[in-house]
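Only one chain is given next, in structure tokens, and it is the form predicted alone.
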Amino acid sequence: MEVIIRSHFLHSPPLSILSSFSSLQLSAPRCIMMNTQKQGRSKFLEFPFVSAPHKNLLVDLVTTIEDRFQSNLLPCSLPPHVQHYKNKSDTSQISLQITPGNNDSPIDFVMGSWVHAELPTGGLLDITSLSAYLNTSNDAPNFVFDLIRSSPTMLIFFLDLLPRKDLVLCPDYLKTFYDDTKLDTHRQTLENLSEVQPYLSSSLFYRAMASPTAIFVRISTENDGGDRIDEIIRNYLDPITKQVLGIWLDHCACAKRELGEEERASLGKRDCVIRNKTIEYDLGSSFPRMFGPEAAKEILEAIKEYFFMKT
């Protein structure tokens, strides 16, 4: 199963039903929408199928981003079935939150999700993801985090600041965002652990898209019920991820980068290709297996709408 799995959807209530309401009654849908937003966010932040250290890390990441960009992030407006979905056999479910940035924000959108699925082999798969995408007012890298746990003693961890420019053609970009920030030290620290081995994705696309400082590892421990994995999450993955997020917030999301019209157009085109390929190679192949072709199609259409509404 490849990393970077995120998402969710099904139908919204027909707006025609609301057209006959009086002006006094029109406040009801607004209240319902606010309640739906709160319920969707609350469900997402439950992370109900992962361990306490795993959940604590995700909650801290989400709240850190939200606290930093409070007034620049809009509420998630996905309908309830988009924000949380279960398949008919109740063997797979997803919770999804997409929070767009407003017009004054460098954030295009922040997307977080958790996936819980029963495997044909009888095991369980839990995928938690958080990514933050910048718009074309800033060419700095995007933040991507994925933690995939397929057993109590094995997980795959992906953490990166995805470059949005060619690093060979733009050595200053490489120096500013990857060398000067000493991002590679975090990967080196983690790979010193005996339980950690580099993970080589079978997808050439993801290997080409990642930065040279990307952390892409498999962590496997003894059959101890997951105690050692949780210790590694708490003592290593948690501080490393928070440090990388801090670098992204301070040096990328808040970077002042002057871009001309041609640069912004080129950046927008590149962003569009990356998003298309993410859907095609990752979500497009995994979702039909997990949720069936019809539901998968609806889920992917909902994601595409957010992926491309600003490009």
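Quick caveat, the model's predicted, so the values are computed rather than measured. Start at 1 and count along the sequence shown; that's the residue number.
Another form exists, predicted together with another copy of the chain; not displayed. Remarks below refer to it.
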Even though another copy of the chain is not shown here, does D166 get within 4.5 Å of it in the predicted bound form, heavy atoms only? yes
Are any of the heavy atoms in V59 no more than 4.5 Å from a heavy atom of another copy of the chain in the predicted bound form? no
Taking the shortest heavy atom distance, is S92 within 4.5 Å of another copy of the chain in the predicted bound form? no
Flag V273 as yes or no: does it have a non-hydrogen atom within 4.5 angstroms of any non-hydrogen atom of another copy of the chain in the predicted bound form? yes
Given that another copy of the chain is left out here, which of G225, P239, P198, P120 has a heavy atom within 4.5 Å of it in the predicted bound form? P198
Another copy of the chain: the contacting residue among V115, I156, M209, V110 in the predicted bound form [heavy atom, 4.5 Å]: M209
Stretch from 146-154, 75-83, 209-217, 92-100 whose residues place a heavy atom within 4.5 Å of another copy of the chain in the predicted bound form: 209-217
Residues within stretch 161-184 having a non-hydrogen atom within 4.5 Å of another copy of the chain in the predicted bound form: D166, L167, V168, L169, P171, L174, Y178, D179, D184
